[in-house]
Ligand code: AHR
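A single chain, nothing else alongside it, follows as structure tokens in the form predicted alone.
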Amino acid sequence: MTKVSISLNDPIGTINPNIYGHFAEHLGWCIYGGVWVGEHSPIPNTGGIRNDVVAALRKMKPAVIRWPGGCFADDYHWQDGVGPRAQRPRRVNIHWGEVVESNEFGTQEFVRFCRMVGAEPYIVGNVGSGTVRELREWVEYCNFPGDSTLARQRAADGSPEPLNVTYWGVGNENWGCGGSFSPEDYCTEFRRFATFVRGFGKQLYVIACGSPGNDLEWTTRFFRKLRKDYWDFRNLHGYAAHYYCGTAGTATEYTVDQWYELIARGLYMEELVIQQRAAMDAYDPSRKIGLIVDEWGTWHPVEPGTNPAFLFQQNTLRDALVAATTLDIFNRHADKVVMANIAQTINVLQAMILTQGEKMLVTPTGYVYEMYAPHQGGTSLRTVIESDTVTYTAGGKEQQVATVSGSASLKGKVLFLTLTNAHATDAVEVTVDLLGGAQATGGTARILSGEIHTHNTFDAPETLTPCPYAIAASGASFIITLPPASVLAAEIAIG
């Protein structure tokens, strides 16, 4: 028997819309061909930005988009991406295939893209190969409202008013491609760079590079150094870990055991969130510094015939389950996680959207983001799930994973409930109990479900899409039947 108990009188915290953030790097076809086609392209666009992509993303409601990387960020010099496009320098992208970066898509284009889709820009500065002055001047270019040379340059580039960029990352993966620092050395660099990340009249949100995966030693050593040397330092607001659950099989070819294996690997995110926040709490018990996971997702072998450096992979119902169960983890821990950015928005890794020339499709993961959007800004409710498990074999050992996962949030008199059934072949009856004297007075739902390998292609772009699903939500207890391999999102009226 599977039971979901929701305590309407036991709020966890507000679900920060930034948990539903995206990540767009200058990698493969994410920017060029994905976001940017140029003003003279036959593909319908507004100022060079694809109209179909913007329309699809607006339905997903990404609250924040991280850019320009990723590893690319620590070899990117922002001055290359401003000024007349025809005069911008062409640089070699050393991280992703040594292709030539045209710099047609720079700061102005990125911020305009964010505004078009309704997202806040999150800019990652260059610590690995950049300078303090370079990052300080980038902030001034974006945000200074007065009559400085950089503000004049911004106006000449098309934005007389400040761009008002709030979120600034001080480097990316500085334990690796961002400079191969130790935690202590990066802490020193962070303090030096962040000292000069000034708001110019605007309150900024400054983010430090966090741990590789759930590396508690990196986190502890970074915060120990920060506290020992300069604990009264105030210009640190977020700390960003990365976690990729990887693959099992390939993007589209996997066994039933591998279906379960990858979902289970995705569920490790809960351990990361709990343990990383606990490590931070040892030095920041009042939680002034927010836990962020600004890169996460699946990472499969690339599609055959594509450039291996472009990280282009298909996206199936299995990826949708990983996305949904991860978002449910973030929702359930709304008191711990303040932002998350799936990797990546278009054509790279666990993408929301795939494009091929003039063709565009929304992936199963993209549909999960659309289905889960009503959670944004809701009050996360204590949700206890008693679920059966299913046994699978990985690494020569039998293992188990829960079949049902989910989360619940409340806005006024509307309860938003998301549930997943990871069982590859069996439906599950879920008893939903509303605790605290609440009564359900009806509800509507949508479901994403199919055979476990189902995915959308350019020839069949709507093979897997969310469909209306009837539920009988009435009283303090009711049953929802989840089809096998499914993601459900339900809006339930509370009397």
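Residue indices: 1-based, along the sequence shown. None of these values were measured; they are calculated from a predicted model.
Form predicted in complex with alpha-L-arabinofuranose: not shown, discussed below.
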Inset, instruction - Heavy atoms, 4.5 Å, alpha-L-arabinofuranose in the model of the complex: which of 365-373, 282-290, 123-131, 166-174 makes the cut? Say which one. - result: 166-174
Legend entry - Triplet Asp319, Leu419 and Ser486 all within 4.5 Å of alpha-L-arabinofuranose in the model of the complex via a heavy atom: no
Inset, instruction - Would you check, heavy atoms only and a 4.5 Å threshold, whether Glu261 touches alpha-L-arabinofuranose in the model of the complex? - result: no
Inset, instruction - Determine whether any heavy atom of Gly28 comes within 4.5 Å of a heavy atom of alpha-L-arabinofuranose in the model of the complex, and answer yes or no. - result: no
Inset, instruction - Spell out, yes or no, whether the shortest heavy atom distance between Tyr254 and alpha-L-arabinofuranose in the model of the complex is within 4.5 Å. - result: no
Legend entry - Ser211, heavy atom within 4.5 angstroms of alpha-L-arabinofuranose in the model of the complex: no
Inset, instruction - Could you work out which of Trp96, Phe223, Phe110, Trp138 is the residue within 4.5 angstroms of alpha-L-arabinofuranose in the model of the complex, going by heavy atoms? - result: Trp96
Legend entry - Contact assignment for alpha-L-arabinofuranose in the model of the complex, among Ala351, Met339, Leu311, Ala119, heavy atom within 4.5 Å: Leu311
Inset, instruction - Would you mind checking 393-421 for residues with a heavy atom within 4.5 Å of alpha-L-arabinofuranose in the model of the complex? - result: none
